[in-house]
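To begin, one chain is listed below as structure tokens, in the form predicted alone.
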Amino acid sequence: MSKFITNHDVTDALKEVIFFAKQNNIVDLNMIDDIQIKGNDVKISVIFPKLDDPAVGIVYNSIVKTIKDKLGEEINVEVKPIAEKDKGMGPLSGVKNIIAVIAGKGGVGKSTVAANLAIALSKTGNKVGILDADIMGPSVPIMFGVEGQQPGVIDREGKTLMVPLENHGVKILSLGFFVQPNQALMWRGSMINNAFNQLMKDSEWGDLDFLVIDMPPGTGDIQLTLAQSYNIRGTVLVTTPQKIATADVRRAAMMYRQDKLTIPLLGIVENMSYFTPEEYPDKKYYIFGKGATDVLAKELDIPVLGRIPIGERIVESGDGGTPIILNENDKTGAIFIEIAQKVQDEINKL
């Protein structure tokens, strides 16, 4: 052996081993659980979604070949595959369902839907968390009335983990906890991905039935990281009734239906669907048009989960840190409860 083999040497070599199901290397996908080196013997533990996947054998053989090619034929390589469900460790091990709330463009009320959906799921008897992944415009702290606060920290097995805040029965984490309101974020893709991964994996979420992720609009770095690196149960699309809005959300939806990135689309929520004056509670005025959401739902073969009206109280409640669903006298809350139930029904069908 020409040189002393280090953990860094092995890790660097493993960056050439691709897990084709997620179109990335096993290092960047955080699949490496452990590396042990003793002389010429290298033992590598690798986490896979499922051990009965044919990709396990492919990756296994690729690891052995790559290590020998890069570091020497004399090296003895042992690969230990581990199933995600058997790992039983890590901050996401207790999370049963991760739901991504997505939109093709900003300004359609995605965060409003995510916040109210999270609370609605909690009100129907679930343990729920929400992660604000909208890096450039985090609004969840405001909507949950925890702006200016910071999560706690704990040490576990030599690693520092963030402890989410909690309000309205929901655990909450957001980059907004760590950024001053007047601070501009000028981050490249790798920095954004690192921040997102820290919120997901370096946090003590505990046992959750649902983790709702308020995604940034569009189809950028975080969307790819989420699809490639995490076990997402499904996505909820948010749009307004205009054709231009549904065109944008269509592009976002199709990202999750590409080969190797298939994640179930649970349905669409149409926000700002209609306006009902208080003095005429039976009237509905479709200010932004009508029908485009139904066309998109039919095209994608997914249900319309609910239609949220335009209302001053919805905006005021979000700005005040008490989402509209907490107002038991407002009919909109009942709509969000129905949406939460339909989301659970769609998941049960998978």
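Every value quoted in this text rests on a predicted model; they were computed, and no experiment measured them. In this text, residue numbers run from 1 along the sequence as written.
Omitted from view is the form predicted together with adenosine-5'-diphosphate (ADP), to which the following refers.
- By the criterion of a heavy atom within 4.5 Å, Thr235 is excluded from the residues contacting adenosine-5'-diphosphate (ADP) in the predicted complex.
- Taking the partner from the other structure, adenosine-5'-diphosphate (ADP) in the predicted complex has a heavy atom within 4.5 Å of a heavy atom of Ile310.
- For Gly152, no non-hydrogen atom is located within 4.5 Å of adenosine-5'-diphosphate (ADP) in the predicted complex, even though that partner is not displayed.
- Although the partner is absent here, Gly206 sits far enough away that none of its heavy atoms falls within 4.5 Å of adenosine-5'-diphosphate (ADP) in the predicted complex.
- The candidate site formed by Ile130, Gly169 and Thr322 is entirely out of contact with adenosine-5'-diphosphate (ADP) in the predicted complex, as no residue has a non-hydrogen atom within 4.5 angstroms of it.
- With the partner omitted from this view, the residue of Asn271, Gln223, Ser122, Thr246 that lies near adenosine-5'-diphosphate (ADP) in the predicted complex is Asn271 [heavy atom within 4.5 Å].
- Residue Gly107 is the only one of Gly148, Pro277, Gly72, Gly107 with a heavy atom lying within 4.5 Å of adenosine-5'-diphosphate (ADP) in the predicted complex.
- With the partner omitted here, the stretch from 23-31, 311-319, 277-285, 54-62 that lies within 4.5 Å of adenosine-5'-diphosphate (ADP) by heavy atoms in the predicted complex is 311-319.
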